[in-house]
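Just the one chain here, laid out as structure tokens, in the form predicted alone.
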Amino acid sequence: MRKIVMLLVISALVWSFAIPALAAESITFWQFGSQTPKTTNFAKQMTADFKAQTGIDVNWEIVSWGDSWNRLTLAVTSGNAPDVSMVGATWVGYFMATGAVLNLSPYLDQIGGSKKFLLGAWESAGMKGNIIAPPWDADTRGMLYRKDIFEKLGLKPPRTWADLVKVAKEIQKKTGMQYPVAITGKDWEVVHNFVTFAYAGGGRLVSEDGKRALLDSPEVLESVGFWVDLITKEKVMSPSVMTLKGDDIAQRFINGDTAIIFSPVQGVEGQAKDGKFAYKDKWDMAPFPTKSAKIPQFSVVLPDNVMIFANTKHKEAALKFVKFLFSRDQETLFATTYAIPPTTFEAFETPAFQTTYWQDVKKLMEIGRFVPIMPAWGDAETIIQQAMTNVFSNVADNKYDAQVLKRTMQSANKQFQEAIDRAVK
């Protein structure tokens, strides 16, 4: 009997030590994108690497971008949120205002600090000293031009708007290319191009304190007017661009049907590789031209970011996971898997990013600018897209003039101001 009791005691002791080993801590992470073999294999590798380093399991769920906004906003209102989630950078202001996301400012040292990131990407991480969402990748936008055509004609990348028109007309004259410039005015791309022209003209989209909409300011009206003038007045850009998506324009660029585009550089690089169209032989990138040389040139960087929900029951594990995502090896793996620009200096120092192409992307990112970080920016994107659709429709119907633009942007600004006021309340 005594032997049986002793065996039971020993067995209980064994199980008491074994149970914690079996019950590993687990967190949930949402990555946005398409469910493909590439994304699935990437998630498996990352979760295995993290488990090997920390002993922590990750329930890594891939959510489509089409469902991402609804999933995230429902997570906020229901309280049933993942521990960590990807988030579109232009949504950061909204989720910061909800209070549902952990302020990472006290924990920045744990993930490497702000100096770990290139400035163009880091601008999207938060505002007013509150950091909620470090940037994980960096959609980088610049002016792309056909290097082969420019070199043949002895042209330089345009520095100002006047240079842009002059160069385009020189290409028209000497090559017979009807429309050397192509800048899309369709879908979500129109918003990013609107932002680009506004900044290039020295304008702001909202006041510095974030309380006053400025979509109809003189600087913005002049900037958007110049964009339209490329079609109506200068005739260096086709009216058809208002019906074309960014990928369509990138393909025209690769085909040699146009010589200058405003575009995400990685999108063109991907299409160029598919067509065996060499980057350094036939095309190159530069900052956007501005109204005058007094206005600094820039790129626009639109990252995807990572945030921790404030109600997580696994804060330390979530912080370890975010640190893991931004470690040199894991950030490099992420960026190379998806052929997207990384956000950290460490990743750009690895062999994978030492090519001329990637180092040129890095230079653009170092002068990158971002959209205003504010709760109402999501509304602004919809408002701007609709306003520019109306503007380009008037262009197509030969009904466009400066007053049409002014009335359209005044209406858009009123809607944006109302959104700002609702967010403040």
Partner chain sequence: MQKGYSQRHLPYLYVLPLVVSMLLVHLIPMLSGVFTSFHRVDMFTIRNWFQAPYTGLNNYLQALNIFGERGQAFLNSLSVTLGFVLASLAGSYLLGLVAALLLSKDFPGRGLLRTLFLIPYVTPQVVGLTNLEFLFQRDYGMINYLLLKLHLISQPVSWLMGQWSFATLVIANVWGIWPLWFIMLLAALQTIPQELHEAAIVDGARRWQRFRFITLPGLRPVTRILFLLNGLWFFNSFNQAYVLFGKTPPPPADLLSLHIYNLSFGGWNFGLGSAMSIILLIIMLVFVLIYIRVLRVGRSLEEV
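Positions refer to the first chain, counted from 1. All figures in this text were calculated on a predicted structure; none of them were measured in a lab.
Not on display, but discussed next: the form predicted in complex with the partner chain.
Note on the partner interface in the model of the complex: the residue among 272, 100, 322, 177 having a heavy atom within 4.5 angstroms of the partner chain is 100.
A heavy atom within 4.5 Å of the partner chain in the model of the complex is found for exactly one of 105, 207, 355, 73: 73.
Here the chain stands alone, but in the model of the complex its contact with the partner chain, taken as any heavy atom within 4.5 Å, falls in 243-251 among 217-225, 261-269, 243-251, 343-351. When the partner chain is considered in the model of the complex, residue 314 lies well away from it, no heavy atom lying within 4.5 Å.
Among heavy atoms of residue 291, none comes within 4.5 Å of the partner chain in the model of the complex. In the model of the complex, no heavy atom of residue 406 sits within 4.5 Å of the partner chain. None of the heavy atoms of residue 360 is located within 4.5 Å of the partner chain in the model of the complex.
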